[in-house]
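We've got the same protein chain twice here, in two forms, each standing alone as structure tokens: structure 1 and structure 2.
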Structure 1
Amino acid sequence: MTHESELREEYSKLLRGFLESGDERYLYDIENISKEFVRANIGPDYILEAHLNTLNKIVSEFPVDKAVYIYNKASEPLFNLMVAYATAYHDYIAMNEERYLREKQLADELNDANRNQEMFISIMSHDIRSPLTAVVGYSGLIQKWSNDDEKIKRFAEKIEMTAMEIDRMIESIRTYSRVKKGNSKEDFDEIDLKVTLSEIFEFLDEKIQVHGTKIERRYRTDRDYMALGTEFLKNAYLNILDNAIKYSPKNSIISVTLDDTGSDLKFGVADHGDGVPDEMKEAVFERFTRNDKCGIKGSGIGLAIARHAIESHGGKVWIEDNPGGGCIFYVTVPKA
């Protein structure tokens, strides 16, 4: 039984009770039920129909003179109901208008906060990157004019690498802010995930070579894997693969899968690292959270970017244990 029919039945009982007993307590209950009609978004036409249907059933049991009396008597509860309904509806409109204004104020404050955050990140990026450029430049000069002093060269290289790592962290924070902001429909375009992965492997090639990692592509390369995506989706896959390389032992194998599951495309990255404990499988997708920081450089923001990017595409990301040791990151996104 729907809520509308339940209210209609309840009103019919109250009306019949008043007409049979004349007890004015029924009028009080009728006034209260009017608020339920308003909350259920039931209009006066529906209420009047319920009133007349109930009244017709009652008077059909009596002769004409008695029926006329009952019709006249029934005007009082109907009047009470309509007045109470009008009052409740007025209060309902006022309450919703107040809530709308309050929500609009909160939305405006949130937009201002987002704009201030964007401005802060932009200023931070510019003001920090300017001296970082100088640091990288001067460290290069130190290396050049070190007169083959290996110790000085090594220190200068560390300075340069640290400065470049700070620059990457700033870019990650900017990316995270943009991902959190969300995408508009105009940002989406059809992309082939097979092509996207090839571009990522090319970008990570130097890191793959240095780490001695072997990438095992376990998916068909003679077909397309089309999805609706933005630049952030590519960034998500990049962060997940980069994370797998970081946490895998050197000279190990990383298996990459890409499957068509019907409505979705399922991407998987299996490594043979130390794995992720069950209690950390959700936490690693939060900002600045990492399972094990020992010997691993980075802010821990990459997987947070990946999750927000994937979810903004209507997809999901999660971690499972790799039966051969390590873990498997899975990503699903809707097909184009």
Structure 2
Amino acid sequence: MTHESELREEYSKLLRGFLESGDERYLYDIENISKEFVRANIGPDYILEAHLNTLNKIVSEFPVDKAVYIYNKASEPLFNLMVAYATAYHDYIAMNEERYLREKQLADELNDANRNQEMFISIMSHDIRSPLTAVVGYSGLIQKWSNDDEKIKRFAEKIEMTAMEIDRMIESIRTYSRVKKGNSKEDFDEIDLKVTLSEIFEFLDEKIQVHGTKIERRYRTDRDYMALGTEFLKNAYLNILDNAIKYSPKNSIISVTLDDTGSDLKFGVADHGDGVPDEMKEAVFERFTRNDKCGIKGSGIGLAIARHAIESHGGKVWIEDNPGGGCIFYVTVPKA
């Protein structure tokens, strides 16, 4: 016998018991069985059918006047059943909804974790491979020039620097993972964006020289632009500026602005490159999307990380067209 027909049989017995004795006990048992109906996912139409079938069978055993009395009396257990059924069903829906929300939240967290992991693997395999190539290359050169102390010293220095670069990358991955987990309070410092920018220009100096880029600072140097930020926010600005230099024609001008008139600090970088078409303005912040241009190095991961970092500081980043050609990257972060 299936569970459905068992429950139906059971209900028939209880209904008959109540109609014959009028005992409250049957109503209590009917209340309990109604929960079983909900649990077994048996619909009210099916229960009603079971009720009517049983009732008809019982009624057929009695003369007409008694039959009417039984019919009337049978409304009470049915009503009890339906109230208990509806109450249990209401609980059941609420329980499922809560479970669904909980599962959805877990699934989202898991997806996030997976995406992060993929990103780490990407960084590892793409960005760390190129400095490693340098390490291998210089090691080979040391073996080849094993008699030339001067050369060996220079190559060893290169290897040391490259190793330190790898270390910085690993550190940034760790920071990134912390940023994604939610910045802890101690990671935040008050930073003056004007100072941060100066540090970045110094860091990028060689690249700026090689590219012949002219940096135009369009903000006041006698003023503080204070924000609450982590090392990772600084890296995001670095990344965007690095990007602008990379995508600009040689010997062109890049304008950098800082605006503190609103509630946020707005940073802008305008270049005179080829610009970013509208359909790519969002996509460049996804991983491995690059506004394809031959001869440009990088794994296409920098802007994705930058956006994560900026957003985790409560900020925004987006691209607009530069009226004079090229594009403008904007970054806003809340003031400190």
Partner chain sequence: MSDAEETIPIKDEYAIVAARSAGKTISSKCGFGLVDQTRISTAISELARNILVYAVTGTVYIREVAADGKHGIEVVAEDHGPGIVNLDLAMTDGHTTGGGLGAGLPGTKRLMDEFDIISAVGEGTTVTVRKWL
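Predicted, not measured: the structure shown is a model, and the values here were computed from it. Here, a residue number simply tells you its place in the sequence of structure 1, counted from 1. By rigid core we mean the largest C-alpha set that fits within 1.5 Å across both forms.
**Q.** Structure that is the form predicted in complex with its partner chain (1 or 2)
**A.** That would be structure 2.
Q. With the core lined up, does the C-alpha of L81 move 2 Å or more between the two structures?
A. Yes, the C-alpha position differs by at least 2 Å between the two structures.
**Q.** Post core alignment: I253 C-alpha displaced by 2 Å or more between the two structures
**A.** No, I253 moves less than 2 Å.
Q. Would you say I319 moves its Cα by 2 Å or more between the two structures, aligning on the core?
A. No, shifts by less than 2 Å.
Q.
Once the core is aligned, what is the C-alpha displacement of S60 between the two structures? Give it in Å to one decimal.
A. Its alpha carbon moves by 46.7 Å.
Q | Per-residue Cα shift, V136, between the two structures [Å; core superposed] | A | Looking at the C-alpha of V136 between the two structures, the offset is 4.5 Å.
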